[in-house]
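Next up is one chain by itself, shown in structure tokens, the form predicted alone.
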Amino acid sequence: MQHPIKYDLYDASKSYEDNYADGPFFNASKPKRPAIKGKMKLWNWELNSPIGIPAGPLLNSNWIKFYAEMGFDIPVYKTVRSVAHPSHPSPNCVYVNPENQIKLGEKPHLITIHKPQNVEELTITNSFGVPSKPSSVWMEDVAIANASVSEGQVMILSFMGTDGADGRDLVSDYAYTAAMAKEAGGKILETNYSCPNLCGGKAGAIYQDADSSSQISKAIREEIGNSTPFMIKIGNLPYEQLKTVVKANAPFVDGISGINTMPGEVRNPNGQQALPGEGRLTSGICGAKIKDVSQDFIEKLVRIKKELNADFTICGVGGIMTAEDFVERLNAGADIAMSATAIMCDPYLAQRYHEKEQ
């Protein structure tokens, strides 16, 4: 069954700042959730379900509260930094329509299109540059966001380091920001090693390097201690390279999430760069056409976890557009699963999952 796009909860025609201040944009009814049949355990929390929304669409406590009320039990607060950082210029999201599923190792050349009719066809590029409010703003807002989720739900706080922030190198700032995130009330922390929208710099390729990523993970673990669950988000890699990265990070992390997006070059139908600004020809592709590579990541990660006899939670992200996609990702071995692109246009996705699981 196809689900027509009726909503723009993140309004791509507006700036990031307008969406932060006024979103999500929604004026329809909220569903009555089916009776909860049983709980699932995620570290110290008994949760209503294993589904959520990854770092990205949930810009602040208003967004966390809304989507928690819509039945997404594991919302992730959008990635924060130790220092304020502006968003890339708008537009930040445009629609693309790759002919086929994007494969690992390829960098597609894509053309922008008009908005598709159905959620299941939705593929976009997004390019924000990981904006962040000043720490004084987001630390106060995290407390509000934590208070807005209900029993059986838990919020994850995403963060990342900024090379050179207040004189700190990248490793030091990752650890410094982790400490701030914990102080702000982050119950579960997740750091991002795989953003393709940074216009260069070290952070975009961290997940590809076992030594660099594990050095940062070790510094974060030493800073926050062992009582706070800590996850890393990485991208898909060839099997042996992925295994090397996972093995290096496993001693320091409680969970691994993936994937973020896939890089692609995006132009408008006239052949011009679609997103304005230097370094933005390449941006992250997400939505329906990265489902296969995201599913492949989970299948490989499950196998690697078994081969290493490791103990970490697996979070499946990428290309989850339907309730059935949630089930498929969980059946592949993910402990929890999250949707980002679909929920920007389909706030009822969690409801359909809960109804399906009855």
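Since we're looking at a predicted model, the values are computed, not measured. When you see a residue number, it is the position in the sequence shown, counting from 1.
The form predicted together with a small molecule is left out here; the points below concern that form.
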| query | finding |
| --- | --- |
| Heavy atom within 4.5 Å of the small molecule in the predicted complex - residue from Ile336, Ala350, Cys345, Ala340 | Ala340 |
| Sole residue of Met231, Ala274, Cys93, Ala175 within 4.5 Å of the small molecule in the predicted complex, by heavy atom | Cys93 |
| Any non-hydrogen atom of Lys78 within 4.5 angstroms of the small molecule in the predicted complex | yes |
| Asn260 within 4.5 Å of the small molecule in the predicted complex, heavy atoms | yes |
| Close approach of Asn192 to the small molecule in the predicted complex, 4.5 Å, heavy atom | yes |
| Distance check, Ile124 to the small molecule in the predicted complex, heavy atom within 4.5 Å | yes |
| Stretch in contact, per heavy atom within 4.5 angstroms of the small molecule in the predicted complex, of 33-41, 53-61, 66-74, 297-305 | 53-61 |
